[in-house]
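Presented below, as structure tokens, is a lone chain in the form predicted on its own.
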Amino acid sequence: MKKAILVTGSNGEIGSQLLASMQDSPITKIALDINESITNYDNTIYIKDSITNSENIKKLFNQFKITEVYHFAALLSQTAMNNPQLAKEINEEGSKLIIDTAFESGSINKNFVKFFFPSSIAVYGPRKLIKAKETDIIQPTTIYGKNKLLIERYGTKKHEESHQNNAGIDFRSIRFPGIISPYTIPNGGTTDFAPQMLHAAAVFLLKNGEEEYECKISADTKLPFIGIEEAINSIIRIMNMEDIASQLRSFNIQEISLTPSQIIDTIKKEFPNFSIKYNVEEKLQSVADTWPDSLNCEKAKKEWDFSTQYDHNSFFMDYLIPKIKKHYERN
């Protein structure tokens, strides 16, 4: 039986970047996404299908000895809010199917399938926390947050059952803050205003124009963020750990915390003609008001060596802005 790594949601923001980072590995990658593949890497099997197709999911695990699963397929927060039934089907039932099948595969083969699940700061609530800890009281108010918390707990339960049986899954999860990428423009998430601002500024600078971005979150709403490179590095780091002895399976990470006004002030240092207007959307704001303004990352630092290198200014001036300018100049 040939060894393989399964990446679901392989066309998404995180999935596509992680898949790109794996190309030097000789192990076979299985890229599963509901849409046609956006890449054409060697040693990668592309499958267009849904994570809810139990027959196909079980077939993959029977055909390959899958040693690692990176499960990114999901509906994002705003999309989930607009279609709660589909969110339950994808974010909960689909995720349970992948976890259960990986658990069964590990049990049959008498090994542990490493399983990565990207959780979210959406699990927090109902009040806004400062330096939120993993062990704080958690009562998410959104469908997306409830989906994520349910799977965190389900994966942890299956992890504990696996270790009692000495086979099954090794469940590992990160509670991601907003992710800012200089390469892609996300849509459907509550923190998407930050990367959208950055991309809008870069695009219109290169066109020698002036543009005003409409922000649907209030100017002083603080939220935690991380760059896409550090997000990918963190996934690789947590999965490369031989063992995480902690019973805690979901960890906080962030690089910085920012408000829309802080972001625009920093962006304007490089793109002075770029401006912003606020048109606060009540539903979106009500979600952001329940998410932490910052995260305590001490558990991740202790258990699997998480670290950061940027402050507010260097995050933009040394990392995001040079990267995004190169990205648009090439394209």
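So that there is no doubt, residue numbering starts at 1 and follows the sequence shown. The structure presented is a predicted model; accordingly, all values stated were derived computationally and were not measured.
There is another form of the same protein, the form predicted in complex with a small molecule; it is not shown, and what comes next is about it.
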Problem set entry | All of Val69, Thr101 and Phe171 within 4.5 Å of the small molecule in the model of the complex, heavy atom check | no
Exercise. What stretch, of 117-125, 254-262, 103-111, 235-243, brings heavy atoms to within 4.5 Å of the small molecule in the model of the complex?
Worked result: 117-125
Exercise. Does at least one non-hydrogen atom of Thr190 fall within 4.5 angstroms of the small molecule in the model of the complex?
Worked result: yes
For this session: Although the small molecule is absent from this view, report whether Gly155 comes within 4.5 Å of it in the model of the complex, heavy atoms only.
Result: no
Exercise. Does at least one non-hydrogen atom of Ser77 fall within 4.5 angstroms of the small molecule in the model of the complex?
Worked result: yes
For this session: With heavy atoms only and a cut-off of 4.5 Å, decide whether Gly94 touches the small molecule in the model of the complex.
Result: no
